[in-house]
Every structure is written in C-alpha cells, then in structure tokens.
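The chain below stands alone and is given as structure tokens, in the form predicted on its own.
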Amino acid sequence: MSESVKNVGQPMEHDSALAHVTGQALYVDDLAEPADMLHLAFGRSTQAHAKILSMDLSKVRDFPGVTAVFCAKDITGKNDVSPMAGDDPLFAEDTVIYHGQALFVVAASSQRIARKAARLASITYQELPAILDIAAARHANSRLEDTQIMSAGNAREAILSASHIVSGCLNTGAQDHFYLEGQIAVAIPGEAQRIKVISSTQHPSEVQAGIAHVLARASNKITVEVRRMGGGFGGKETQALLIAAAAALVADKTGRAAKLRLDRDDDMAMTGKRHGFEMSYRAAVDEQGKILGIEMDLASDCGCSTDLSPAINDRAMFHADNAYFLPNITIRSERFRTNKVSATAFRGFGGPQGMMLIERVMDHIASEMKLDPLTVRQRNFYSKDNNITPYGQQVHDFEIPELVEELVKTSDYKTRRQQISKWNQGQQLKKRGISLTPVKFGISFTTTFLNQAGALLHVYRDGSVALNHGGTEMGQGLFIKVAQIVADVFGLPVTAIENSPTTTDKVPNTSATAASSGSDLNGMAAYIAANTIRDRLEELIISKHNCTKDQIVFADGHICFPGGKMTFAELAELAYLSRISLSSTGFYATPDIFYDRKTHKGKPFLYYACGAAVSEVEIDIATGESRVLRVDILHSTGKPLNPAIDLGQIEGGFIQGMGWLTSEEICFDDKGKLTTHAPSTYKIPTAADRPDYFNTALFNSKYEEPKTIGSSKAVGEPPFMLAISVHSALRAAIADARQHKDFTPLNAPATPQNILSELLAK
C-alpha cells in the first residue's frame, strides 16, 4: 500500500448507493430497447417426470405477434446449460425431469404476447414415476455419485467404549434466493456472428462459454457484460446460463435483439434452491461434555441434475466440525437425484447444513449432561494442541475463544440466561430462549483451480483511472472495496477510480463471484495491476530526479520526491510523453491450497473467517408463532477493507439465515409442482421481522492474515450461519415449555406449524 492516508479500512458508502436510492442505477431491464427487440417466454413442462410423445407448437407459432418459436431441434451446438456434468439441457428433448422444465422458447413483439402464446402448446406425455423426496430416491438408488466418506481417528471404537452417547436426527429445508432482480438477459447480435449478452449473472465467463457451446461458436464471438445485479446469493452462479442461452439462441436465429425476463412465479419454479438435507448423528461424550467420537450421516436432495451438488455437499462435510475439535469422526454424505428443479449454490454453499448438525449435537450434549450449552461449546473448541480438522487441515490463529468471551460480556449472556429462566417460570402462554453459537467458515473455492482472478487497469493522461476486474457487483460492495485498494496504491481519493462493467472481452476466464472470495481474489489482482503501473512511474521519477524508490511518496493526489513534487495527473502526462505504458493487467492465484477429493484430505482453505451471535427469542405456546427479540453479533473481518460495507453484509446475511431457519418453507405437491412460488405463499423476512435490538460489531482481531489484501477477511457468507443461534434459541424455548426429560428436537424451518407440532409432541 502507499504511504498516503488510507482509503482501505475507511467506512465508505457503496459506490452506487446514491444511484440505488434515487432510481438512477441501471439494471438489465432498465436499459433502452432497440425498436425491433423480441421479447421471450418459455413453454414449460406440466409434468415432473414423463416422456414427450408429441409436441404440437402450431398454435403457438400462429398466435398474432409471435415471430418465432425454438426448441431442442433448433440448437446447432450442444443442448446443455450445465456447469460441468452435461446433464442439464436448455430444452427438454425426449423426457422431462422436473415440473416447469423449459420445452421451447417463444419470441414475440411483447412479453405478454409471448407468455400467452406459450400456453397454447399441445403436448402429449407418458407419465413416468417421479422421485420427489430423499426416501424415494434412496429406495430407487437414484444417486448423483457414490457415498462420500470423510474420517479421522476411529469414531466407531470411541462410541462403543463410551459411557455417554447422544443420538438424533435433523432435517433442514430448501430455500429460494428471492433476489430482488429476477433472472434476465438481453442478447444483441452483431456482425460476423458476434453476440453481446447483457446478463444478470455472477459468472460471466461461464455464461460466455455456455452460450458458445449452445451456438457451436468460439468463445471470442460471445461477449458477456454485467454492470450490477439486484442480488444473487448464489442463485445466479450457474442458473443464469439457462436464460442467457435462450436469449442468445433467439438473437442468433433471428438477427434481432432478444430479451428474456422471468417473472417471479416462473423464476421460482424454474431455478434451483438451497439443498434440503436429512441428517443424523451418534456421538460419544465424557463427563465434561467433550466429544470423544462422532458419526454423522448427511443426505441431500440435489434435484434433477448435478449442477454444483458434489462441491456443495463436500462443503457440508467440511463444515460439519464448525468450531470444534472432533478427534474421532466419520462423516458419510449421500447425494440423491430427484425429479425437482436442480438444487444449486446458495450463500454458505452447504456450510449452513453441516454447521446446523454439529450445533444440534452441542445442544443435545448440554441437555443430556445438564450443562449450559455455551459451556459445552467452549469445552469442545479447537485449541493450540487440538487443531486438526477432519480433512487434515491445521487451524491457525483461531479467534473464536477470545471472540466468544468478549461477546459473552458485551451481550450480558449469563445474566440474561438466568433472567429468561426466571421469566419463563412465571409465564404460561409464552416462553423465551437464548443461545450463543459460533461460526468458523473456510475461505477459498474448494475446487482449487477456481481460486484465480484477473484485473485490467488503465491510467489516462489526466490522471483518472479506469478499473475492470472479473468480480461482479451484486450489491455486496465489491466494486468500492477494490476501488479503495487501487486508490491507495496511487495515493488518490477513491473518487478518482472509475469502476467499469465486468466484461468477458476485458478480463477473460474468470471464476464466479462466489465462495466469499470476491474481494480476496479480485482485490489482489487489481492490487498487482496497480503496482505494476506504479513501479513504472517510480522508475520514471528515479531516472529524472536521481532519487531512490523509498524516497518517493504517493499521497493525497500528489507524488513527492527529494527536491520536487507533482500531481498524479502531471506524472501521468509525463509518463505518456515518455512513452511509458499506463495500462496493466493483474493476475492472482491463491497460494498454498490443495485438496485430494478421493481421500477427502488436504488444505482446501487459505484461512477461516470467524464470528459468533447471541439470539433471544419468544414463542407463543397457543399458536406456535415466534419472534426474535434481540441479537448481538461479534464478527471478525480481520483488518476490514470497508467496515461500513462489512457491517451491512453481516446484518443482511444474518437476516437471510434467520429466514431460512424460521419462515421460508419450500413446498411441492404430490405431482412435483412448486406450490410456494410467489411472495403470497413464500415468506421471506420483512422489516417487521428484524429484531428490536440488533447489535452488530466487528471484532478487533489481534491476528494478521499475511496472505490476504490488507490482512482483511471475507464477509459474504459466514454471517449467514450466525442465524443458527436463532434456531437454537427457539428449540430451547420449546424445551422449556414442554418440560420433558428427553431432548427436544426441532427441524428447520421453525415455522409456527412446526413449533406447534413440537410443543404438542408427546
């Protein structure tokens, strides 16, 4: 970093904040439309699993205002929009594999006409048995891959020799991303078979490559651009390709611009969800509540295709330890194929499900041993001497013990726990619960080759800077953070850095903005690019002013050196006149990570992000309704790049996690049709669900992470799992109401119906 007053570490507003609140921020659907643009709509399957005996589209084609209709036979390249496995067709051909699957696309003069026409298709099916849950998939042996096993020590032996054993089950539901901006793409044909696609996607390079495969064309003919998304959360990592490829196909076939915008109902029915899990555990514990050995079984509903399920389920295994040393452990993971829309990436990427299981185990041990759940957690934390994960990675600089101790004090956890117990004794119709849960989340793509990023940087003659990198902005503040990094290298105010749209013809072969790695990867790539240019500028000054590099200071828009001073703009002009390049690329690959998936051993993560939350809840015994009264969060982002952005991410991630665990219930009918397909039937948290007291703070970390930009730590996904404290507190409140000696379970989401069911259980 430069010697100037830092931009990095300052709480700066999002670069598009003003544009967001004034409506000036342009999203894909806000862009001006060519006069001859075609509007598209999918024709969709009404069966979950069936053979297509016939498909008559004549009435669709003849509908007034329809220009063209395209289906599988019109694809010149490969009929596939999967990220890797080749099992996710753009359009169904002979067989449909989930209710709502795309069969064809209609191109018309308006979206309304296209949607009306799509309903006129005459399709004859031969219905096939549909697998709609894990039990049916297990019975049919319908699996994506073999059962995966991760182990350390000898769990079975530890369990057989133990005097205390706890066992139980836990189910966690699916979740819809419910981004504010739905799936959308605009494809614009150009000369010489070129196509430009403006897409709401987290992975422009994958959309580019996917369209190239569908059109049987080289990738250099396809340009994908993303300025911003109205939310993604993983739902636009692989799923955006379906929409973009259909739009590109129409543009290519007709020579006209084409827009495909899914409405909310179609979006929810056609795009993937978080994986639903069914899990169980059997753990041996000693008198102090420490786990001696544990067996965990994880089974997930992956939907109709592979998508990213292998990696997502692997990460569930990686995070089944969370913050705890488990000396003897066996984790078995089954991945089942069903006739539902393919499950996909979602914030946390399998980590939340794995963490939910081990946190349930901690609560169960506390109940069995009559201990404070926090005490059990603390006794099982990783330590200096016990710091090897089930996959063989060593846990360094483990912040959670100190972080939790601080949170216990600032949240007044111990006093409040006593007060709640006393309050509950005097209440018949309402009960309260409190819980503190930690989060240890590994940062890096577990698929090693994805840990790379590129950047392109231009300095113009007037000293202004244009920044481009492979990361995408979806509201999380990535662009402002990377701009702060570049501004510091040149000693400029951040306003001097212009963020340009993410575009595949500027930075190629990029990874998705996912895995909480956006700032780590793209920030470092941009830092490298900026320093390349700065090195050139310093060499110029040295040659003209006979000084050394350490005598040159870039600060506050000026460059100071012995005997002289000039503005950055003056130096840029001098460099141009001296024929020195003011443009550079930067490339970064995460160091020191590796993973052998065959043995499930290695070092898949560069570091761990840590945090903890205390949640206090109240339930109504008569109705099962619940509310979150107070939340206290202490989270570490290392030396934060932008604390204001980080705090926003922490709060938003927590609320989204709370929704998954309390109100967001995904339901299908017995034919495989999604019945929770709109805000009227699917309840995300609203402003009214926000806790009355919501205290969020950044932990003042004493550890320096030497391999990250500015010793910062990722913040995108880890806060989501802080909401496990809400579910744990709800379970505690139910247990108090039931006053049973046996441990009280609770599945997720903890809807009023599910809470009431547990309250009434015998």
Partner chain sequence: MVEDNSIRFLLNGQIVCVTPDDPHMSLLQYIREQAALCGTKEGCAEGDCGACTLVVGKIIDGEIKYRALNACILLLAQIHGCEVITVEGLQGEDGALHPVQQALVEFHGSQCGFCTPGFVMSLYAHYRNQLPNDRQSLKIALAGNLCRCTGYGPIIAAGQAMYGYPKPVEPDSLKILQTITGTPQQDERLFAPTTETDLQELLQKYPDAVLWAGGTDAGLWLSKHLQDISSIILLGNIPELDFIRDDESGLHIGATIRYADVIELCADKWPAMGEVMRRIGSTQIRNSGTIGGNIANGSPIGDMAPMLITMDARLNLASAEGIREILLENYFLEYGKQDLRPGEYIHSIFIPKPARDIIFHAWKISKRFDQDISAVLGAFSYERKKGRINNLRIAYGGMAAIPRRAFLAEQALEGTCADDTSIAQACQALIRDFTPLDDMRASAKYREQVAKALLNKAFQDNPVSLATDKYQYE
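Note that the coordinates shown come from a computational prediction; the quantities given were computed from them, not determined experimentally. Residue numbers count along the first chain shown, from 1.
Form predicted together with its partner chain: not shown, discussed below.
Student: Could you spot which one of Ala140, Leu540, Cys667, Ala466 gets a heavy atom to within 4.5 Å of its partner chain in the predicted complex?
Tutor: Exactly one residue meets the criterion: Cys667.
Student: Using a 4.5 Å heavy atom cut-off, which residue among Gly392, Gly557, Pro310, Pro691 comes into contact with its partner chain in the predicted complex?
Tutor: When its partner chain is considered in the predicted complex, the option within 4.5 Å is Pro691.
Student: Taking any heavy atom pair closer than or equal to 4.5 Å as contact, tell me whether Tyr607 reaches its partner chain in the predicted complex.
Tutor: Output for Tyr607 is no: heavy atoms all beyond 4.5 Å of its partner chain.
Student: Check Cys169 for me: does it contact its partner chain in the predicted complex (non-hydrogen atoms, 4.5 angstroms)?
Tutor: No, Cys169 stays farther than 4.5 Å from its partner chain in the predicted complex.
Student: Using heavy atoms and a 4.5 Å limit, would one call Leu180 a contact residue for its partner chain in the predicted complex?
Tutor: Leu180 belongs to the contact set for its partner chain.
Student: Tell me, yes or no, whether Asp462 is in contact with its partner chain in the predicted complex, where a contact means a heavy atom of each within 4.5 Å.
Tutor: Close contact is absent here: in the predicted complex, Asp462 is far from its partner chain, nothing within 4.5 Å, heavy atoms only.
Student: Any idea which of 335-343, 157-165, 243-251, 227-235 reaches within 4.5 Å of its partner chain in the predicted complex, heavy atoms considered?
Tutor: Selected stretch: 227-235.
Student: Decide yes or no: are Leu456, Cys547 and Gly586 jointly within 4.5 Å of its partner chain in the predicted complex, with each residue judged by its heavy atoms?
Tutor: No, none of Leu456, Cys547 and Gly586 comes within 4.5 Å of its partner chain in the predicted complex.
Student: Which residues within 669-693 place at least one heavy atom within 4.5 Å of its partner chain in the predicted complex?
Tutor: The stretch touches the partner through Thr675, Thr676, Ala678, Pro679, Ser680, Thr681, Tyr682, Lys683, Ile684, Pro685, Thr686, Ala687, Ala688, Asp689, Arg690, Pro691, Asp692, Tyr693.
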